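So this first bit is one chain, no partners, the form predicted alone, shown in structure tokens.
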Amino acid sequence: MQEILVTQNLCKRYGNTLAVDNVSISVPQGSICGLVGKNGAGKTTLMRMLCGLVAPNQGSICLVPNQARTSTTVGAVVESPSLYQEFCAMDNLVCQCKLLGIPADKTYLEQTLELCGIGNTGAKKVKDFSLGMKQRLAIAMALVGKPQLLILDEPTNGLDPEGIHNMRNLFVELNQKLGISMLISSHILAELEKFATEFLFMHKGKIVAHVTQQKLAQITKKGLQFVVDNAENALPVVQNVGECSVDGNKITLFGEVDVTDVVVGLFNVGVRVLSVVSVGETLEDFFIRCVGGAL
């Protein structure tokens, strides 16, 4: 698979502190890559280097295929978004076009606002936007140059559960509809686990693990545990579904499982399902195992 971003031996030092320590990563094109780490792990410093906001002391950053990093190949929201508070959403996007030196295509800008869920704000000033609306506008501004890669630093910070849910749907839509690759840092690991396709784990300036969503599922042995009234009769059914284990009347199926198909299959052989629960490590469990201690 072709990569959209590759770094080699990237380092950044502030005085005696090595904030980013010899980081070499590759982000596949078309992926949503989650960057996970404690506060102070070096995530924001890494993202600032990737965006060209700070220069590395050592190492290289390469966009593939063989493109220089520009404002129209990479879009980013790092730390607090800079918005024109007295302007409306559309005027913010027009200003962003001027800053990037590209034409302000009003049709595209309207589509971008609509895609980001703020297409109906009209002349409303940004200072009167909710936090979620401001976050969506910041992402819309990052999309103005039609980037191939979107870098987002804690984009759901401070949002309520509904806002987080809506933001997740937006990321998936941008990825699937527009083919935009993403690098997203987040402290809300349970949410990140729902949509990211790759995970980078950062600790004390180093990347300590890089796993795909599929590999993570294998490592953490995630699955569903079915409690049944007759495990012996149930076994032939579940063995046809996939990898499983049996402990008394508890049968665990690992990997992606269609609950309805399993329950119907068991019902057809006269087995009742008494309960179904999720089992296995979460992304947070795996992170703690990698680096020790909670976020």
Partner chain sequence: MKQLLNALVFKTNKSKYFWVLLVVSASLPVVGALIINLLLIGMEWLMEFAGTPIDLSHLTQSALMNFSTSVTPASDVTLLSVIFVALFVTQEFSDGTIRNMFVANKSRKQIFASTSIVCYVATCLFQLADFAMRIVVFGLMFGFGNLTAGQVVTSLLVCFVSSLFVSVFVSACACYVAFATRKTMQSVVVPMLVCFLLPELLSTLVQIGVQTMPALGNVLSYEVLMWIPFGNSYLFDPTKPDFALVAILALYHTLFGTILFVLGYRKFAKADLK
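Under this definition, the rigid core comprises the largest set of C-alpha atoms superposing within 1.5 Å between the forms. This is a predicted model, so every value here is computed, not measured. Residue numbers count along the first chain shown, from 1.
Keep in mind that the form predicted together with its partner chain is missing from the display, and what follows is about it.
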Study note, to complete from the structure: For its partner chain in the predicted bound form, the stretch among 157-165, 94-102, 128-136, 190-198 with residues bearing a heavy atom within 4.5 Å is 94-102
Point to revise | Q176, N120, S80, N169 - the one with a heavy atom within 4.5 Å of its partner chain in the predicted bound form | key: S80
Review point. Its partner chain isn't shown here, but in the predicted bound form which of L216, A76, I180, I184 has a heavy atom within 4.5 Å of it?
Key: A76
Practice item. Would you check, heavy atoms only and a 4.5 Å threshold, whether V264 touches its partner chain in the predicted bound form? Key: no
Check your understanding: Are any of the heavy atoms in G52 no more than 4.5 Å from a heavy atom of its partner chain in the predicted bound form?
Key -> yes
**Study point:** Non-hydrogen atom contact R48 with its partner chain in the predicted bound form at 4.5 angstroms
**Key:** yes
Exercise for review: Using the partner position in the predicted bound form, report whether Q85 sits within 4.5 Å of its partner chain, counting heavy atoms only.
Suggested key: yes
Exercise for review: State yes or no: after fitting on the rigid core, is the Cα displacement of K127 between the shown form and the other one at least 2 Å?
Suggested key: yes
Check your understanding: After superposition on the rigid core, does the Cα atom of F195 shift by at least 2 Å between the shown form and the other one?
Key -> no
Review point. Is the C-alpha displacement of L109 equal to or greater than 2 Å between the shown form and the other one once the rigid core has been superposed?
Key: yes
